[in-house]
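We've got the same protein chain twice here, in two forms, each standing alone as structure tokens: structure 1 and structure 2.
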Structure 1
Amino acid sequence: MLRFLIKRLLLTIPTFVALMFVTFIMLRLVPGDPIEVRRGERGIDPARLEQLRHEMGLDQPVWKQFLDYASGILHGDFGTSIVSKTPITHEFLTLFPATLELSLCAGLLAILLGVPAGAFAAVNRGKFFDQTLMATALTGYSMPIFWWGLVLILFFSNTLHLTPVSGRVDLVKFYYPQHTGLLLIDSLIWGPKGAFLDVVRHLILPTIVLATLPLAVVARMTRSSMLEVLEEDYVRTAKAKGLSPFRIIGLHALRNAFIPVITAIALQIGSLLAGAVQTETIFSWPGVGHWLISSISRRDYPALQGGIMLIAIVVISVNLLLELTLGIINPRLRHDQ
């Protein structure tokens, strides 16, 4: 197991370095200069501009800027925001609970609906539910997040007035201490009466929008994996012994079909965080995604670079944890690699 862990850790290093290099280069290709953005309409003295460019290291060669940037990350320094003058790590940790809460709710919704739907579709292969589910999954997989979010806002918020349009909670009506940053927990424990329900109402639409893509993937993967398992000899033997369908499907088939599904869920973590950028922008959700989009318009290079790398650390860490979990569940994965 230790050898498997070390090998996986070593494989993450080139991924991290490649992402760091690509992020640095791509940001330099974006039109605009962070110094010129700060200059504004009133303008700044040219000497002051040169001083600011020197302070930010933008007057150095690109290769020198990259080495300084990489050296800072290796020492745990992800930079300081040009706009807020706040360390990137502090800003990220302040905003990440909002993104984490939204991603967890979306991921949980995708699993709770996708796994049973995919299993039921496999059991009823070729029937009406199976065909309907596959068509719905294909539609959900192909649907742009920004379009889907606007449709839900127009229908549920503007027309039916059932859900809020933006934000995480109505701060005018409900104000309470935020100890964990996860408003579902904070509102339930420390919030006034009605705060928890208000947080849930704000979460409904963003969760549905963000869960659409992973829900489609999990449902399709569960169906595909279940179809393979249902053709195995031990399933046919269980049927011949007269075991109940619930026991055959629930205890034998679904448990063995769940390993590829866990892999699919792990691969959707990156999709959740990438989709959170668009979702948070649509619903003005005060999380990391909304912060990164704002940093793009302000040409805040340190915030963009540091934020992307911190998200990468989260995604790589969670994927590594899930791979270790799969290695524990299925020892053959450890010995085959």
Structure 2
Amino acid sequence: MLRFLIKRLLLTIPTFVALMFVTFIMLRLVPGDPIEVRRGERGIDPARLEQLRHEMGLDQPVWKQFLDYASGILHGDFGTSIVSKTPITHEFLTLFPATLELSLCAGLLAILLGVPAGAFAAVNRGKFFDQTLMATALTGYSMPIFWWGLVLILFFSNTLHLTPVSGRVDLVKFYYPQHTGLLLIDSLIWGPKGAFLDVVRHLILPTIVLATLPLAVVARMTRSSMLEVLEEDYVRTAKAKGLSPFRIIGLHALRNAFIPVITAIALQIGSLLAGAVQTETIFSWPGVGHWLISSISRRDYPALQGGIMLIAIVVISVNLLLELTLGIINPRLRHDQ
């Protein structure tokens, strides 16, 4: 187990180094003068330009600049935003809870709905529910989610006036201290009366939109994995023993069908974050994805660079964690590759 752990950790190092290299190159390739790109100033006088070049280490050889960038990252310095002049790490950490809350809710919705639906479809294979569910899942899988968000806004916000169009909470009506950044928790503990409900109302549509794709994937995956498991001998044995169908499916089959499903969910984490970029743009959700897109339109390339680096670190760590967990649950996986 320890060998597996160390090997897996070592494997992330080259990926990480290459990642630093790619983001470093990106900032150098962005069109425009590097000083202007990084400082957001135009028409600087030559003396000050020289001074800035020296300050930012741009008069050093390229390999030295890369080493400086890399050592900065290892010390937690991801650069400074040229718009807000604050460290990227600070901006990222302020905005990340919003993205995290949204992604967690969407991921949870996908699992809580997708797993039972997929399992039920597998048990009733070929029947009406199965066919309807598979058609729905394929539609969800093909859905352009930015359009889906607009359609939901049209129905629920503009026509039925049930949900708000944008933001996380109505701060004019409900102002309260934010401790964790996860508004569901903050509003429940410290918020005034009604704040929690308001947060939930803001969350509903973005969660549905972001959950659409993972939900379809999880339902399809659970169904096919379940179909395979239902053919296994131990399920037949359980049936022969006269166990109730509920016990057979819930205890014996679903537990074994779950392993590939967890892997599928792990693979969805990247797409959750990618989906968050679109979802946050539609609902003006103050999260990392929204910030990343607006930093492009503000030409804040250092923010883009640091943000991408941080997002990649989140994805790599979560995947690593899941892989290690799977390695503990299922020893067979440790020896693959």
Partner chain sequence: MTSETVTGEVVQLAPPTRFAAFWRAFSENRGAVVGLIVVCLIVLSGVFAPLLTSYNPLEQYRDAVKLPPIWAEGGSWSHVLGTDPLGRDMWARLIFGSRLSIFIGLSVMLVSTVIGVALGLIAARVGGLLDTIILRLMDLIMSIPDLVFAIMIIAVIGPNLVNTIVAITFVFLPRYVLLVRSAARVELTKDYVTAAKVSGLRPLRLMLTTVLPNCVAPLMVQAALGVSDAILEAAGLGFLGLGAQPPAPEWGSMLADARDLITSAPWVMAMPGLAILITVLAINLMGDGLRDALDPRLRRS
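All residue numbers here refer to structure 1's sequence, counted from 1. Treat the numbers as computed from the prediction; the structure is a model and nothing was measured. Throughout, rigid core stands for the largest set of C-alpha atoms superposing within 1.5 Å between the two forms.
The chain as displayed in structure 1 is taken from the form predicted alone. Relative to the superposed core, S244 undergoes a C-alpha shift smaller than 2 Å between structures 1 and 2. In the core-superposed comparison between structures 1 and 2, the C-alpha atom of L67 has shifted by at least 2 angstroms. With the core superposed, L19 shows a C-alpha displacement of at least 2 Å between structures 1 and 2. Comparing between structures 1 and 2 on a rigid core frame, one finds that E55 has its C-alpha moved by 6.3 Å. Structural comparison between structures 1 and 2 after rigid-core fitting shows the C-alpha of G76 displaced 2.7 Å.
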